[in-house]
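Here we start with a single chain on its own, the form predicted alone, put down as structure tokens.
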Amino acid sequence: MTVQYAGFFTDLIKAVSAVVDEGDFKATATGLRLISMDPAHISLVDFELPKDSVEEYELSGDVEITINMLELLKFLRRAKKNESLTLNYDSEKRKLTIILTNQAAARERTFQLSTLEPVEGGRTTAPRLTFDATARISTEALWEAIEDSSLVADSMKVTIARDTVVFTARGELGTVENKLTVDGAMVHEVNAQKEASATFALTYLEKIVKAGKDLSEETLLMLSMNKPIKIGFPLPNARLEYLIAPRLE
């Protein structure tokens, strides 16, 4: 598989590593896919890179690749601007070859990473959920709400109503509220059949949104009352979605 811009793929892997330390990727005729939960089973990442979004994609048959994400990122962070990325996998030797190519400089660098034993217990599947309210908002606004909330608490309540999206945090030292309305530039769309809210640990929100804001200026929030929240980062050539379980109050 060859990706024109190594930096884009690196940012995608950073975003996946916000949830999992070991990535269990599956390469099929349609592209590269990963669905995995964090060790505490509180958050889930759903990542897909379709074959049509990369420059070259060759596959002789479906294959699973289990990788230590931090070790992979060590190599990917060596990528320079204007370098392309090629990944070749040897399933028999369980070796992943990473090639960074700078055509203008006529330079090619090659790294090899040993992969891991496949994850036991079968592959994770994304649960089928329905949501009462959705909102498409500025990622920067969401990130600022998270940072503000961390000043007073370790969790944040998300509320989506007919014309507002509200982020609230309460702690012993104080209260923080960020209210975004549909007539402002930070809210792009709200669709709420009824008001929905739930509270989530800032630890998970911080890691996920910090990674996602490097990839997308918009965030899609999908919510039902006291149910898991789905957080999606719209991308033109990949899918990046998360689920976070609520903290019961």
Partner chain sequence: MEVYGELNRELRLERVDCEVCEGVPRRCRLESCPFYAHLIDLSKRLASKESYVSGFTPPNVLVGKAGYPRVQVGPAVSPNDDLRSALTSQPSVWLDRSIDELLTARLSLLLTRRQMRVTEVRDWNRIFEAIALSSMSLKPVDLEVKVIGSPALRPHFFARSHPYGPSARLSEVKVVSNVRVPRAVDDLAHERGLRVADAVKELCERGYDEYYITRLLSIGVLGTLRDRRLVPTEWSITATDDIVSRIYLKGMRDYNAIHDFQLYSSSVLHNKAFVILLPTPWMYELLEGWVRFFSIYSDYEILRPRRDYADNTGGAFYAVRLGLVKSLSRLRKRAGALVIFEIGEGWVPLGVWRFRELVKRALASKPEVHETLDEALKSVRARLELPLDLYLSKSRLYKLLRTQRRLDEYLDQ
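Positions refer to the first chain, counted from 1. Since we're looking at a predicted model, the values are computed, not measured.
There is also a form predicted together with the partner chain; it is not shown, and the following applies to it.
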property	result
Heavy atom of residue 40 within 4.5 Å of the partner chain in the model of the complex	yes
Residue 44: touches the partner chain in the model of the complex, heavy atom cutoff 4.5 angstroms	yes
Partner proximity in the model of the complex: residue 63 to the partner chain, non-hydrogen atom cutoff 4.5 Å	no
Contact flag, residue 129 vs the partner chain in the model of the complex, heavy atom cut 4.5 Å	yes
Joint contact, 206, 226 and 245 to the partner chain in the model of the complex, by non-hydrogen atom at 4.5 Å	yes
In the model of the complex, the residue from 53, 197, 216, 68 that sits within 4.5 Å of the partner chain by heavy atoms	68
Contact assignment for the partner chain in the model of the complex, among 201, 59, 187, 220, heavy atom within 4.5 Å	201
Option from 99-107, 132-140, 159-167, 68-76 whose residues, in the model of the complex, bring a heavy atom within 4.5 Å of the partner chain	68-76
